[in-house]
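Only one chain is given next, in structure tokens, and it is the form predicted on its own.
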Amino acid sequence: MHDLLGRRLGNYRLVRLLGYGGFADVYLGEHIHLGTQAALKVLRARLESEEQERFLQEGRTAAHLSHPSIVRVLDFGIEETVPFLVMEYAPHGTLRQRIPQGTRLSIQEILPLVRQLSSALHYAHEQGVIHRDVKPANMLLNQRDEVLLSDFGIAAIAQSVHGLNGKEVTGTAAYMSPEQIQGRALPASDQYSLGVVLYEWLTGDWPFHGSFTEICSQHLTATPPPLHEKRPDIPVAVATVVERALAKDPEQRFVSMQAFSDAFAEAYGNEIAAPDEDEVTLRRSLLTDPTLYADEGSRGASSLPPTMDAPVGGASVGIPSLPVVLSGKKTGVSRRKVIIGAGVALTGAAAIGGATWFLLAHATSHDASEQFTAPPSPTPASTRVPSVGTTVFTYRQHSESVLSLAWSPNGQYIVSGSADTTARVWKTTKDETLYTYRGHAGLLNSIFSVSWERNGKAIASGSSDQTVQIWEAATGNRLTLYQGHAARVLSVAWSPQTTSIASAGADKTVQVWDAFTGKIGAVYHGHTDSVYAVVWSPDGTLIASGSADKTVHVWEAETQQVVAHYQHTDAVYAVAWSPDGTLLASAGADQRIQIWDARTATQQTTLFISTELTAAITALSWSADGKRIASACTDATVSLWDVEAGKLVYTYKEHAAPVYTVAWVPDGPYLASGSADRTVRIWRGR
């Protein structure tokens, strides 16, 4: 059906062939009215009337699945006997392309993928839906490199379509469960298929080979070669979990996908023992004891500690073994020694950059003289003030989309988180990375959110690896690893008054916990879908959370009692408090900014993006004087709004791809914005 290019199906015109499989072709489609893009899966076979009804039923079922790790079905239909599905477009291809056959992954890289995929399948099974075709080719990557499982129900359609034979589904046969081969797919069949995927990722090879008939026969009767024979370094506990998922009898597998995911994580040793009192005291001292942050003049030129890489080029810093205890076991030295080692690392790191490290450690002053100022103009008129919209600096060290950023309290440094799995700390007037934090390292572990502690001494980062990590701003030494979330962490915020952290994610919760102990203080369950944004009120008493459930909730941090509830018409991606704590701005997929009373939910004003634009708002930032709001947008722009007048005053268009994050410098006229074009740009906003 390659001759369909240029043809219209539904409201979409087919503009490019994206790929093809055994029974369908996938096209990039463009909406004829909105100009938005989607992926259209077009079945090659013509359907008889009975098959058409089954196709429409499967389409309805797939369209009702709503999960952060499942590709959304936007529409479906049959036109002139041509059946098609309209799906969310995932521009970064599939895991089969990203992880070619023969590639071996570490367990650390596999773990977040198992969690996301298992969560998606567990949800589908609760809805009474069996996937039937779990394989890397059906695991897509969106703009942020998030994994999305596609093609729910398509295998069921394929099995009933005339003209398909065994040879056309040989690739799928490699992942097919024994009972599915016998024509009785169960929820446990998806677990078996994912088990085959894990076997392949661990060993670089399928468990069975041969013709379609030979592979099916082996699934029915043969035992897969033991994992340790193909890869001796695989822990026995991990191998046992995978081998149980590959049991011939579905009754011998795990009772659910969630149980399978939990067992895999536990086998890897992905649990942390609660820190003892001495450890907590030492953690706190790292950030509060002024003697640990002595003036750089009193420091000797000590050599870098063995846990850090030498500062070559971008001054990359390796992640040392800090207070992380896996499966209740110590890491080889006592906790006290590990924490003290972190203090030594801090002292050693001071030799890297003298005043640079001193400023990071003492990033508490808000004196205007210490704020970010634009670099001098190269012209003789070096005192000329840049006009609004002028780019004064561009940071280009990330290799994938920039998803989050935060200024240090003194405005001298920025931490930026990226889909390249790293967070980088850099000086705002030089294209120079002070160090690169790699604690979330692993395949596709995007860093969705970063937040700087109020005194500038620590940074929190949340990632698709489902963890929040707390690390020293001056060294990158990790202090705390929080693993309370059951899905990717989308937003992290420090309390402006205490050591509490609020973190939110795709598990639909907001969790409040202590940054030093990891102890949970509260879990807010008020949302019914992924929570994309969480922010504290300036006085630290209230928390506002925005969700894909189209709502913003304002609730008391201590009691979780809801104070206000505000409704949007689509997913909410961004929430921001006014500097005086009286108003909230919220925005998202409905392409408008709404400003409202934070305690009564009374709308003050609504700022509408130009009707010519049809892009989602991904981030908001309120200027320190409360007069302007900056909004980042997926159409590659940042808009500046006059709050009092409710008017658009400027649109920044220097980015070349969607903008995911924006923030005003503390008490200054400049902004930083991060984009899928892999840059952070600093520019004047007022």
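In this text, residue numbers run from 1 along the sequence as written. Quick caveat: nothing in here was measured; it's all calculated off a predicted structure. What we label the rigid core is the largest C-alpha set whose atoms superpose within 1.5 Å from one form to the other.
Separately, the form predicted together with ligand AMP exists; it is not shown, and the next lines address it.
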Please identify, from 555-563, 93-101, 495-503, 385-393, the stretch that has a heavy atom within 4.5 Å of ligand AMP in the model of the complex. 93-101
Site test, 107, 206 and 227 vs ligand AMP in the model of the complex, non-hydrogen atom cutoff 4.5 Å: no
Proximity to ligand AMP in the model of the complex, single hit among 531, 140, 215, 598 (heavy atom within 4.5 Å): 140
Ligand AMP: the contacting residue among 507, 472, 151, 200 in the model of the complex [heavy atom, 4.5 Å]: 151
Close approach of residue 67 to ligand AMP in the model of the complex, 4.5 Å, heavy atom: no
Can you check whether residue 619 is within 4.5 Å of ligand AMP in the model of the complex, heavy atom basis? no
Indicate whether residue 665 is a 4.5 Å heavy atom neighbour of ligand AMP in the model of the complex. no
Are any of the heavy atoms in residue 672 no more than 4.5 Å from a heavy atom of ligand AMP in the model of the complex? no
Could you list the residues in 66-103 that come within 4.5 Å of ligand AMP in the model of the complex, counting only heavy atoms and keeping sequence order? 71, 87, 88, 89, 90, 94, 97
Using a rigid core alignment, state whether the CA of residue 93 is displaced by 2 Å or more between the shown form and the other one. yes
Inspect the rigid-core superposition and answer whether the C-alpha of residue 496 shifts by 2 angstroms or more between the shown form and the other one. no
Quick one: core overlaid, is residue 467 moving 2 Å or more at the Cα between the shown form and the other one? no
